[in-house]
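Next up: a single chain in structure tokens, the form predicted alone.
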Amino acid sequence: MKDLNVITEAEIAVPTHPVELRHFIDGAWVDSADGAVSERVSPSHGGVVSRAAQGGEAEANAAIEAARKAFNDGRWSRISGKERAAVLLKVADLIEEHTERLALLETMESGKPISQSRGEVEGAADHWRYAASLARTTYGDSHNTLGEDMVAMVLKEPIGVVSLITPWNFPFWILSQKLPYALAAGCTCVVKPSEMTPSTTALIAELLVAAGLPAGVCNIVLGYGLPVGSTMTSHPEVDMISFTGSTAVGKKISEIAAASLKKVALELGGKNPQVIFPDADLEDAADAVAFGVHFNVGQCCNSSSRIIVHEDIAEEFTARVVELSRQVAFGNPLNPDTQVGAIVTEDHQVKIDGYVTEAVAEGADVKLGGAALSVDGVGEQFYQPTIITKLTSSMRIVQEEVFGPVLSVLTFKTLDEAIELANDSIYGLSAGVWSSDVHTCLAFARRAEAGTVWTNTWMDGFPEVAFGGMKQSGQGREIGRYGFEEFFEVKSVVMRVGKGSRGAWVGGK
């Protein structure tokens, strides 16, 4: 541990009072009917960060009713794309104005470094601006080749009331991968953030009001999956569910939604590989691997938690990653130089360590880390950067989502073997390949079973480019035009024009 780059000092003061949060329903901030509240203790600094109204079925039902009324009366669903875009653009500006406030709360609740929280908030504003552009460029089809008396149109209409359920690891970013696109399409929404990181979602209500969003169009209910999330999933007035979280919960949502055939979009887990060929820029690749596994403390669906390295360079490359991981700045999230912060809960830290302990018992070799990390003046809810070799693809640590700063190293001999190892997973969210040969990169990209394939880079994302997974990493897409299309129903309108008769069916000849 003495070899690690541990930061203990802070440059930002810890907030002295918790923020008080309430539900936002039909344009008003309300407490829970039963007065229940929940508190979030900072994983990095201790102490209560936020005190939130804890919702139940009553609040979820009221929010859904408000969203349904707002959708049906057309106050948002039937206005022009230009008017919707104007509101979304104002929200983007307000997000940037409130970056520091939102970023600090995100850091205190999640434990992520303040620099990453700032980047998350600032980047989220770009999603609102891109969604605004989509609101004005929605189009369908026309068919003018159906005969002299016929013409048809294919219209796109907002799907209706959408339940948006977001996770704790990127609360504001993932909210902004869903909400502005749903609003741009003309949908009305009910949002439930994770009970562990509710603040930035609750506070966006202030920005929505300031931007002029009509009451009832976006409603926010704070609380737990049971009963708030389950009500949002099963309610008959909800037309679609967009969920980001674990594969296990995603399966349960699909099961519940099947009863009423609601549309479901899911962004779930990943066990994402990076494949390293000998002709790659190994320095750049090693840095990307360190970034991919340690960013957000590995608590990221896109974490590159396993690498598949050509056997000719495996030892050298692993040593590079180990050395870089020693230099990663772990510690106090309130210091802008910190790159990796705290684990979200004590229970999750125990879970991470359990994977490592089990792998060691099965013969794995820990090249770095493998234990909790104590940071002076902050606490013990940190985990060392961990790199493990001598693994087989059947081990749980290789197959399952650890969701921590733990890197599994496998080796390969041929392209076919690398692709087989990369695809040897129930997940298919993302994958990466490193080679100077474009033919190798394209061959891998075409055969990799993943929704996103990065070549000679890792985790670069843009609002224009769709995101989502294959296999048990989810269904549907987020962001980009493909993600925008998720929030529409397609309606065909077939018209007979002119004075021609369609011809009698009864008694006709």
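Numbering starts at 1 and follows the sequence shown. This is a predicted model, so every value here is computed, not measured.
Omitted from view is the form predicted together with a small molecule, to which the following refers.
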With the cut-off set at 4.5 Å between non-hydrogen atoms, does Trp76 touch the small molecule in the model of the complex? no
Using heavy atoms and a 4.5 Å limit, would one call Ala361 a contact residue for the small molecule in the model of the complex? no
Is Ser194 a contact residue for the small molecule in the model of the complex, using a 4.5 Å heavy atom cut-off? yes
Should Gly370 be classed as touching the small molecule in the model of the complex when contacts are defined as heavy atoms within 4.5 Å? no
Contact segment among 284-292, 372-380, 125-133, 218-226, judged by heavy atoms lying within 4.5 Å of the small molecule in the model of the complex: 218-226
Using a 4.5 Å heavy atom cut-off, which residue among Leu410, Leu208, Ile165, Ala280 comes into contact with the small molecule in the model of the complex? Ile165
None of Thr107, Ser435, Thr233, Ser425 but one has a heavy atom within 4.5 Å of the small molecule in the model of the complex; the exception is Thr233
